[in-house]
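In C-alpha cells, the next block holds one chain alone, the form predicted on its own.
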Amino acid sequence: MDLKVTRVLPRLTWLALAAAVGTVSLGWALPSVAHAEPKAGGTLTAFTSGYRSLNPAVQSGSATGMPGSQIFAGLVQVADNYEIKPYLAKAWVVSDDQLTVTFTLMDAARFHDGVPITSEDVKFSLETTAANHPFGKAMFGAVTGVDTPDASTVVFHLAKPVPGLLLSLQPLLMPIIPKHIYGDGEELKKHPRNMENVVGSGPFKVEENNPAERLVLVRNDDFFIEGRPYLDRIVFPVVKDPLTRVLMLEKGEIDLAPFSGIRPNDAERLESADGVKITTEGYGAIGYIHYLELNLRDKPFSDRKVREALAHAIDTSFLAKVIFGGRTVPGTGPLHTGNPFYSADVPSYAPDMEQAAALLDEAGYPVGANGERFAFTLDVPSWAMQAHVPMAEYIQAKLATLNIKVHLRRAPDFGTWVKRIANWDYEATMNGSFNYPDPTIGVHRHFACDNIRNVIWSNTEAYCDPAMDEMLSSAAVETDFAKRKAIYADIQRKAVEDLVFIDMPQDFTATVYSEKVGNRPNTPFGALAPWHEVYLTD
C-alpha cells in the first residue's frame, strides 16, 4: 500500500508533533520488536482472567479492551512516541480555530457481516461512547455535533479545543460499532450483542465466546488493510488463578500474557525458563497506579489531619521494595512517573509514626479506654490480588501500632466490590486505575466535582474543591504543551496537599511472552492496541 495522504493538525494535540503537518505514508506497521520477516498463519494463545463485555464502547479496562481492540477498529491508532497514525480514518483536517475536525474514511471498509462502514457508523459510535463509556463525558463532552455530508466523510464540531481528542479515537476508547446492530433501541450497556454474535470492524472476528472457558478470535479475511492480520487465530483461555498462569507460561502453553498479574518472585522464576521473555514495555500510555481510597464524606477521613497521619504511617518505599521486589517505585501523586505531564514537585510525607500519632491526637482521636483510637473497614478488591492483599495486610498491621483497628473485607468477586464502591457503601478501599497519557481521560475523573457519581472509577471518594475544578478546566483546553504541563504540576501538588488519596507504589505491570512471538504489541498502549501486525515465527 503506497497511498499518500496529507494530514493537517495545527497544535490540536501535544502528541503527534512529528506528524502534525505534511505528507505521511499509510504505513501500517506497529513499531515493535520483530524477529524476522513476518509470516502469515498460526494460532497465538493469550489468556483472560474473565470479561463481562467485548464492547469497549460501554466498558473500560484491559479485560474488555484487549480483545475489544482486535474485534473493533478505531479512527486512528497510536504508534511509538504517541504518534497518531491512520486506521479507519485515512486522513483528517483540523480548522484553524481547532473547533472542527474532518475525517475521511478508508475506502471499502466493512463490518464483519459485510455491511459497509460509513460516516453514520462513526457518528453513532461517538454518541454511543460519549453516553455509555465511563470516560465518555471526559473524552467527548466538548463535541457539540457530528455531521455526515457523505458516506466517507465525518465532521466533529467542538465547543472548545480538545488537546487529547485524537488519543480518544483509537479502538480501545472509541471503537467503531455497527449502527445497524446497536441502533435498535436496546440499552447499550446491556445489549446482548456485546457478548453474543458480536459484529465488529477490526482485524479479528469472534469464532467462539464462552466466558467460563475461553474466547476464540479468527482472522477477518475482509479486513480493510490488505494482507493483515498475520495470525489465523487468537485463543484466550480463561485462567483466573495466577499460579496456574505461571505454570502455563513455564510450559509454553501461553504465548503472550500482557497484564500477566505475576508477582516479582514469579518474574524471577520465569526469567530462567527456556524460551520465555518478560518486559515492562508497552504500558507507557496506561500508567497504572495504586492508591488507598478513603470515603471523604464522613469522619474520620473527612479530616485532613487523619489522612496526613495515615500518609506518615504508611511507608510506600518499604512496600515497593518488599511487596514489589524493588521492581517499581513509590507513587508520588495522581500521575504515573511515565506520564508526559508528571511532576515530582509535590509534598512528601516521610514515614514518621510519632508525627502520625501527634496528628491523630490533634484531630481528636486519642487512644480510648478500649485501647483504640478508631476502627474502620478496608475493602480489598478481587482483582490485582497479588498487590492489593499484601498492601492491605501491611496497612492493617502498621495502623495497629497506632491503635487503629482495621477490618479487612475481601470482595468475593469483582461485581460485589464494584457495587460497594459505586454505591459509596464503604469507608476505605484498596484501588488502582489507569492514567492514560492525556490526563483528561484518566485523571480528571477522580477530582472533578461534577464527577461524583455512582460509577466505579469516578470521583467515588467525593472530593470537591472549586480551585481544583478551575485548574482541571484550564488544563483541558490549553494547547501549549509547556503551559499545560505547568497547570498539571499545580494539579498534582494540590491533590497531594489535600491528600485526596494515599499513594501506594506504582504497579509492577509485565508482559510474559514466548520468544517465537514477532511484532509483540509494544507501542504506548501495548496489548490494548490492535494486534494485526503480530505473527509467530514457527
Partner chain sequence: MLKLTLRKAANAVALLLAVLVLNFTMIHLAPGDPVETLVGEMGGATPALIEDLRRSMGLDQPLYIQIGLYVGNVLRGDFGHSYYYDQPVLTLIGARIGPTLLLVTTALFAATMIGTVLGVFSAQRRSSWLSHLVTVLSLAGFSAPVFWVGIMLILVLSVAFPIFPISGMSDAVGTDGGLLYALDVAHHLALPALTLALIYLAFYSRLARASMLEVLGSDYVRTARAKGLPRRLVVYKHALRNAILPVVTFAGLQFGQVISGAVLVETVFAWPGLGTLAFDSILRRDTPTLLGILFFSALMVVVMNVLTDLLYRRIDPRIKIR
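Keep in mind that what you see is a predicted model, and the values were worked out from it rather than measured. Positions refer to the first chain, counted from 1.
As for the form predicted in complex with its partner chain, it is not shown, yet the points below apply to it.
Visitor: Using a 4.5 Å heavy atom cut-off, which residue among E271, D107, D345, D241 comes into contact with its partner chain in the predicted bound form?
Guide: Comparing distances to its partner chain in the predicted bound form, the residue within 4.5 Å is D241.
Visitor: Select from the listed residues K189, K321, K277, R410 the one whose heavy atoms reach within 4.5 Å of its partner chain in the predicted bound form.
Guide: Residue within 4.5 Å of the partner: K189.
Visitor: Name the stretch: of 498-506, 46-54, 65-73, 474-482, exactly one has residues whose heavy atoms fall within 4.5 Å of its partner chain in the predicted bound form.
Guide: Within 4.5 Å of the partner lies stretch 46-54.
Visitor: Would W457 count as touching its partner chain in the predicted bound form under a 4.5 Å heavy atom rule?
Guide: Result yes; W457 sits at the interface with its partner chain in the predicted bound form.
Visitor: Please run the contact check for D96 against its partner chain in the predicted bound form: heavy atoms, 4.5 angstroms, yes or no?
Guide: Residue-level check for D96: no, no contact with its partner chain.
Visitor: With a 4.5 Å heavy atom cut-off, would you call V115 a contact of its partner chain in the predicted bound form?
Guide: Result no; V115 lies far from its partner chain in the predicted bound form.
Visitor: Test of understanding: in the predicted bound form, would N81 fall inside 4.5 Å of its partner chain by heavy atoms?
Guide: No, N81 sits far enough from its partner chain in the predicted bound form that none of its heavy atoms falls within 4.5 Å.
Visitor: Checking a candidate spot here: are A40, Q170 and P229 all in contact with its partner chain in the predicted bound form (at least one heavy atom each within 4.5 Å)?
Guide: Not a single listed residue reaches its partner chain in the predicted bound form, so no.
Visitor: Does anything in 211-240 come within 4.5 Å of its partner chain in the predicted bound form by heavy atoms, and if so which residues, in order?
Guide: Contacts from 211-240: P211, A212, E213, R214, V216, R233, V235, V238, V239, K240.
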